[in-house]
Structure formats: C-alpha cells, structure tokens
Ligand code: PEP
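To begin, one chain is listed below as structure tokens, in the form predicted on its own.
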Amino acid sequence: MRSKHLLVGNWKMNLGPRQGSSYARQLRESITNLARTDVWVAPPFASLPIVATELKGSLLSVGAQNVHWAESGAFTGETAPSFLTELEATFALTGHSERRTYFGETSDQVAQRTAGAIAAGLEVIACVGETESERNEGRMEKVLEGQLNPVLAKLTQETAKSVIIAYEPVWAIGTGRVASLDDIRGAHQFIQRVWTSFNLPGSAVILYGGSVNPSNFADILALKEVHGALVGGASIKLEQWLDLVKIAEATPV
C-alpha cells in the first residue's frame, strides 16, 4: 500500500515538444510542496525527453503512455523499456482502453508489456475497464477478470510491488460521464478480490480514471477503495490539474 495518494496525468496525443516543455515548466514552478500526494505525468513519447529534462529535480515523476516488452528488435513504432529508463522515466502505462480499442492490443500483450517494463525497473500502471454494453449486460466482473488475470499471473511476490491498477470504465473516458461512487466502489472491491486470489502481497493499489475533474475528485478520492486517479483531459489544463493536486493534498490518506 502506498503511503500517499497517486495522481497521474495522461496527456495522450497532446502537448508536443514545444508545448510540453512549456507546460512542464509551469508545473515545476507551480508544484513546489507535496505532503500527501505523488504526482506523475505521462507525455506523448515525442515530448518525453524534453519534459523529463524540464522536470528533473522537481517533485514530479515522468513516465510513458505505453512500452514494449522486448529490449530491441523488429518492432516498428514501439518503445523498449530501456529507452524509457535511459530518459529517466520511472513508470509506464499499459493496457489503456484506447490502446485496446483503437490498436487491438490484447490482454496477453498487456501482460507482456507489463512484465517487460517491470524487468527494466519501471513501475507500471496496468489499465482495465469495461464498455457500457458490457456493464449493461452484467459482464463487468467477467471482463475485468479477463483483463487482470494475464497480468497478475506474470507477477511474483516481489514484482507485484511495482504494479498499480487503474480502473477506467470505457464509457466514462473523455465523455464527461463519471461512474457513480457505488459503481467505483464495487469495481475496486472486485479488483481487490482478484488480486487476493493470486496470493499477491498486501492490497492492490487502484486508481480511478474516467472524466475526473475538480468537481468530482474529492468525493471519489474519499472512497477508501480509491488510492488516486489517472486523469486525461484535466491533466493538460493547468488550473484544473493544480486544483486536483490541491484536493489530493487536502484529503487524508
């Protein structure tokens, strides 16, 4: 279990090198004191080197939005884990619903990416989440279990410490719709049960993601099952992002 909230900004395909550098500089200058929160950002890969340089020595950590499992090879368009560590990235996302939906990534591939990143010394935020039709059909738990099992099966007692789970219901990502508190609580409790079924140490660290913004974050973070948030749109809007940081700092861990 983490001793602080975790707030992660996924910039998606926004803020190229020039904009990303400027924004990172604003973040570094604005976030100078953190007591209850770890703040991480995941810029697009083209911006990662300059953002990492801008944030070096700051309170923020930098990571990637995706990572391959191999260290080299004929994998056009992919990024090796060692490339990320060379840039001083500390984490990577795997299995984001946009990767699954638009690029056909399977849960087995997500598990491979996760294992490869951990082997290179990165922490991993492995994303899971059901579509609206899957929830309406009562298949939420089956879908989450199918996404979680390949990832958790590759973990050991030691490597499990490097994995964070992000629950992001697909129907809430970028839509302005937020899962109800009961929906979030139920999904996070189920994820914990799956984690426990693999005899992994402690409890899973689980973030919520899906249209998180300053108007709903306090209620979400107050749930004992929620350990932080993976944020998309609000993470690239300085005022909203700083408001989220303030909320996390004001919320007991």
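In this text, residue numbers run from 1 along the sequence as written. None of these values were measured; they are calculated from a predicted model.
Just so you know, the form predicted together with this ligand exists too; it's not on screen, but the next bit is about it.
Exactly one of the stretches 78-86, 116-124, 172-180, 145-153 approaches this ligand in the predicted complex with heavy atoms within 4.5 Å, and it is 172-180. Of the listed positions (187, 212, 39, 64), a single one reaches within 4.5 angstroms of this ligand by any non-hydrogen atom in the predicted complex, namely 212. Among residues of the shown chain, residue 168 is one whose heavy atoms approach this ligand to within 4.5 Å in the predicted complex. Contact annotation for residue 24: none of its heavy atoms lies within 4.5 Å of this ligand in the predicted complex. Residues 212, 230, 231, 232, 233 are the members of 212-236 with a non-hydrogen atom no more than 4.5 angstroms from this ligand in the predicted complex.
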